[in-house]
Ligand SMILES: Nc1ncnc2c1ncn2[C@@H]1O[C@H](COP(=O)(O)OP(=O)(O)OP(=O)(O)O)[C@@H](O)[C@H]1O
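Take a look at this one chain, the form predicted on its own, written out in structure tokens.
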């Protein structure tokens, strides 16, 4: 794992919900900071696990993690979707009037938080900003929860389809380049707006028109940011880490994601199987043998047989990820990983594999 942290400037931790990727992202950050790197761990975490684990404020934006004493320095940030989107508008809007028009528009207020791909866009926009800032040697992104890991990669294209400047131009009535279809398009838009005006009233149509008028000014910037993010994700300095478990559904999802990454040219460097087995059943460990000897010597033969059976089960299950060549398997902690000291113990395990 140390080679992974040493040789990349961006690490993207991905995986479905509940596999522990937020905690592992933080532990990787701790390990990198101990190696002397200036590290930023970014997450969209509805449950605020990262803030709780690292002891930072829940609204923290690139805050230095308290209580650390490393060769490098560890920062962490909670990605506030609404704030980042609003800051993006302020940065790229050509004039204050555009900012005011969008912020006061009901359609923008709804779409900026619920539009498909907007959460992923804000994550990637923040990733690009942090990686270009020069403040960090390594940025670790804990990707938003998704039903499928590959959804994160497809989300920007979905957002582009809405904010694409060509589509906006058509709604704005600019038909240059559409030639014979332009008249038909103009008529279709007029009919659509007339129908909307009849069904919903003039207020909705005004909101609709106001949104497209204002968004027209920043649509090219949204496309450019998505392009920068795509280039960054494809760069050889960016490594993907897939966090999974021995759950069969997670294994199948991980294999599908591996194929998607390979086809698209991304760099999947590690698969971490989290909570692979209880600490007392780790295959090949001295603790397993000691426990067996103790149970036999104390005459607890039935319990010894049960222990052997369970250890054999976990050892057999350890071979489930057969398609991956670089797999890291981590035992489950006996207690919940909360606080910097717990993360340091997890970092010790990551360092040893």
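Numbering follows the first chain given and starts at 1. Only a predicted model underlies this, so the values are computations on that prediction, with no experimental measurement involved. C-alpha atoms forming the largest set that superposes within 1.5 Å between two forms make up the rigid core.
Here the subject shifts to the form predicted together with this ligand, a form of this protein not shown in this document.
Participant: Select, from the options 273-281, 221-229, 97-105, 83-91, the stretch whose residues sit within 4.5 angstroms of this ligand in the predicted complex by heavy atom distance.
Facilitator: The contacting stretch is 273-281.
Participant: Counting only non-hydrogen atoms and a 4.5 angstroms cut-off, does residue 344 reach this ligand in the predicted complex?
Facilitator: Contact with this ligand, no.
Participant: Using heavy atoms and a 4.5 Å limit, would one call residue 19 a contact residue for this ligand in the predicted complex?
Facilitator: Yes, contact at 4.5 Å.
Participant: Residue-level question: is residue 340 within 4.5 Å of this ligand in the predicted complex, judged on heavy atoms?
Facilitator: The answer is no: residue 340 has no heavy atom within 4.5 Å of this ligand.
Participant: Align both forms on the core first, then report whether residue 246 has a C-alpha shift of 2 Å or more between this form and the one not shown.
Facilitator: Result for residue 246: yes, a 2 Å-plus shift.
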